[in-house]
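Below you will find one chain, with nothing else, as structure tokens; this is the form predicted on its own, and questions on how it binds or moves follow later.
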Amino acid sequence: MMNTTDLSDIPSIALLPLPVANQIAAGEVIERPASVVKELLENSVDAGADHIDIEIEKGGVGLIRIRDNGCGIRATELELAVSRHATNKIRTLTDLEQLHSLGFRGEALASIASVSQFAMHSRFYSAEHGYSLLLNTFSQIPTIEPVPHPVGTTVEVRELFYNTPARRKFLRAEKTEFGHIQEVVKRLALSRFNVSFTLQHHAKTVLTLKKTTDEASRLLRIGQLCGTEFMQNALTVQYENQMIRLSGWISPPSYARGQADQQYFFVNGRVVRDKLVSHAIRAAYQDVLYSGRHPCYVLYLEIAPHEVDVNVHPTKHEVRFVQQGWIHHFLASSLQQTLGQTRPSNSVNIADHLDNTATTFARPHLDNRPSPQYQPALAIAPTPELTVQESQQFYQVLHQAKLQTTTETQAPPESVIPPLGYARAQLHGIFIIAENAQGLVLVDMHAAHERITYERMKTAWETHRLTAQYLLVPVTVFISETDADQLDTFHETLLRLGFEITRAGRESLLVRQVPQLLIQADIALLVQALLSDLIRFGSSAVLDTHIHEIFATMACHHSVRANRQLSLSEMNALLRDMEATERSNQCNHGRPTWVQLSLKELDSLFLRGR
């Protein structure tokens, strides 16, 4: 218990001094020099600028100067512009639901000015000359003077964090901080193709980007920022549904990276890092990406402003969707459809739109357009309830049926050579050597047949769906009371998925029925993960993931093995199945199933033409 002495020492409540309040706010908004660049660039874009110059010294700590040709700021509003919560982008809460600008909080300039030596020069588009605002310390009254200046605004930020040494100690090396600034410029350049940018460090031009006027120049900018190799391999995404539109480019599974450093997702032109979005994209790549690899993508989601909340965090990197389940399903299914077309194809690649088109060695050319449809000679549908022996026999038929029904065929004329060409030989009972119009094709026959078998199993599963089985002894699942209260909300969904679950107590559920294929799974963990996804995202891929893992194991065990000698007709049948099977460029584990060696590449191996 406190004594009277302690009580007498309790300070009274008082408003914080303005400089202190602004520096506290700056701690949320301004983390490093790149944060300053981000806020100022967004202001320039919101002002309608179509050309922005960025000058940096000492990694942004010494100087950040950003000049734009936007509409400028009225002389009477310069001082107000560096006040907290001063903005011309919203007036009421309703405006937040119809937001089209990048900024809206009115905190950036005040926060920046509180931790730096700040100057701003601006000329309003209808004014005869510009005005300058100088602010060396935030407690000082700003001085405003007329200056010659073109239409637009120039902001100079010097000696960042000079008055907050604790924050300066956490900054990295100059090169690292400048790297973060480059990334900020890159992100904005990827979302604003109608704006040109120049970036200088120590008076040396590092980046120059012209504004784009057509699709070809847009692709050139993507290639300049993300690498030509990305655009050479990229798959085009273009889907639209009701009030939502998804467009952009994603990498095929064969072009993946060891780290997630080339992933850009924009919502209404704003770059975001959202867990729901990341989860949906991972779900789309789940059975085509090699373990430990990360896809590359530049994606744009356009949605009605009232369907998304951008006022989640001061940095505006996070958003919340009103209909999370719908958004998750739309993203995952759209990208799955695009990846589903990654199969051998002669179609023109997107890289043909680029000026510098390099030949890629040992990587299949990918396209988001389907190759001509192939109808298998024998279609097999799974029967509902199978014993282990019957299941093995059934899936064995999947890979034998085509081989048993094909006959030796003569290769058609060269004008109709299929994408993978025609088999010429088998190497060590592992690889198929084929010849196509481009040159030589090498196929890993086990990996290829594994993908074909796996996709047939998935198709059969989607067609006949679930056979549920009651448990002899119901399984008790312990979850939080909050999650248990959500059970009734998803009762119908769980029944459709083959689960019968009832409430057993405040923090426990009773699982009475599960899908037959999952009878040997850890039911408790599965149900916990399933409910967690349903509550968080409104949908769940947990069930399909477990089913697909079972199919992947069965496909691996029942696919043609190494040292199995195949006839030419059997090899050609496998090639035709690959051309007709979705995602056949990779096996179930994400490894490539085939590679192309062009005549040009073969010539170079033997120094021909030199």
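Treat the numbers as computed from the prediction; the structure is a model and nothing was measured. Sequential numbering from 1, following the sequence displayed.
This next part talks about the form predicted together with a small molecule, which is not shown.
Contact with the small molecule in the predicted complex, defined as a heavy atom within 4.5 Å, holds for exactly one of 498, 142, 106, 248, namely 106.
Here is the short version: of 509, 534, 299, 81, the single residue with a heavy atom within 4.5 Å of the small molecule in the predicted complex is 81. The stretch that touches the small molecule in the predicted complex, counting heavy atoms within 4.5 Å, is 83-91, out of 335-343, 526-534, 83-91, 300-308. Using a 4.5 angstroms threshold between heavy atoms, residue 453 stays clear of the small molecule in the predicted complex.
Proximity of residue 188 to the small molecule in the predicted complex: non-hydrogen atoms within 4.5 Å are absent; the residue sits far from the partner.
Residue contact with the small molecule in the predicted complex: residue 47 places a heavy atom within 4.5 Å of it. The small molecule is not drawn, but in the predicted complex it has a heavy atom within 4.5 Å of residue 72.
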